[in-house]
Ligand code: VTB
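Below you'll find only one chain, the form predicted alone, shown as structure tokens.
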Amino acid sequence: MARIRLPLQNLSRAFLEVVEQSAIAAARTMGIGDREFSDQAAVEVMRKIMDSVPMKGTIVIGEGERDKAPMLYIGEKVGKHKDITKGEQIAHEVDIAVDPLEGTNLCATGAPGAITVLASSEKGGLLNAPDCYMEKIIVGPSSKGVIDIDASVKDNLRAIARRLDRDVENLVVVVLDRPRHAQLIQDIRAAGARIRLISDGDLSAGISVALRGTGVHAVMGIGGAPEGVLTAAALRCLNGEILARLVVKDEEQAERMKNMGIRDPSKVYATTELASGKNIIFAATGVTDGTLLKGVRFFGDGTRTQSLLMNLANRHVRFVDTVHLAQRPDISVRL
């Protein structure tokens, strides 16, 4: 009997359930002031739901190394592949990058912009980025091809403004509010652009750049390298662009990068080098209200979530509004 590979659409729907349920779990901890508890709630549910997905998955970006993370650690095998391979259906072999709760502080304090995120690709399609910092510049489709990570802030902003047919003064640049960005902030202001400082969540900001109507034209600065890969996966689906370079903290980190196969720490990575896969799937669900997605809403008859689900191969970008009904016989659905 011929064996049939499961459709990618099955994975998309399954991954949507993964991020939805982890977002609901995280949202139940919103505002209690315990970031570790919020993260733990999202991680545990994400790992549990992921094991029901018919796939042979390998975590390439997750909660850290195996000795530091009890689950969703780098290299962990996930998915319901043991049963599915006994029949005539073949599970997809995929690499998976996750951020079970991007914006743990945001969730813990009830601030806007926390999301749950998952990206997948065929094996080798996502860069196994070390857990370090990464210098980034991110733009939307209209500004692809004109940015240069080695150019001055002023030159990059002028190039973006020309592509968007507007003055630099009408650009909005998102920057993480960190002491390390003091000079960057000064340079952006000197160039005449406006700044939106954020406390956390540069992944969400990076996705927003590639969507019209968000009022964001660029993201600049230094953030996490794993988040950079997840951003690249989303931008592959949205036709945006990220240029990035790893930031080496010390000799120990440089040696670790070398052991991971990174021969040139000063290399500038393009979008397609961070996320090279042809079958990228990206899913995210809002935990707290933000520019990109609404947060989880609890009501008497159930729970409501808003998610972003994208499939590169099929060129699908879906905003999914889901009502998760309570287990009661008298339930009614509202518009």
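What you see is a predicted model, and the numbers here were worked out from it, not measured in a lab. Note that residue numbering follows the sequence shown and begins at 1.
This protein has a second form, the form predicted in complex with this ligand, left out of what is shown; the following refers to that one.
Of the heavy atoms in Arg180, some are within 4.5 Å of this ligand in the predicted complex.
At a distance threshold of 4.5 angstroms between non-hydrogen atoms, Glu102 is in contact with this ligand in the predicted complex.
Although the partner is absent from this view, Gly206 stays clear of this ligand in the predicted complex, with no non-hydrogen atom inside 4.5 angstroms. Looking at Tyr73, you'd find every heavy atom of it more than 4.5 angstroms from this ligand in the predicted complex.
Contact check for Leu235, Gly240 and Glu273: none of the three has a heavy atom within 4.5 Å of this ligand in the predicted complex. Among Gly79, Gly140, Gly224, Gly221, the residue placing a heavy atom within 4.5 Å of this ligand in the predicted complex is Gly224.
Checked against this ligand in the predicted complex, the residues Val153, Leu176, Leu118, Ala210 give one hit for a heavy atom within 4.5 Å, which is Leu176. Residues of just one listed stretch (156-164, 240-248, 119-127, 193-201) have heavy atoms within 4.5 Å of this ligand in the predicted complex: 193-201.
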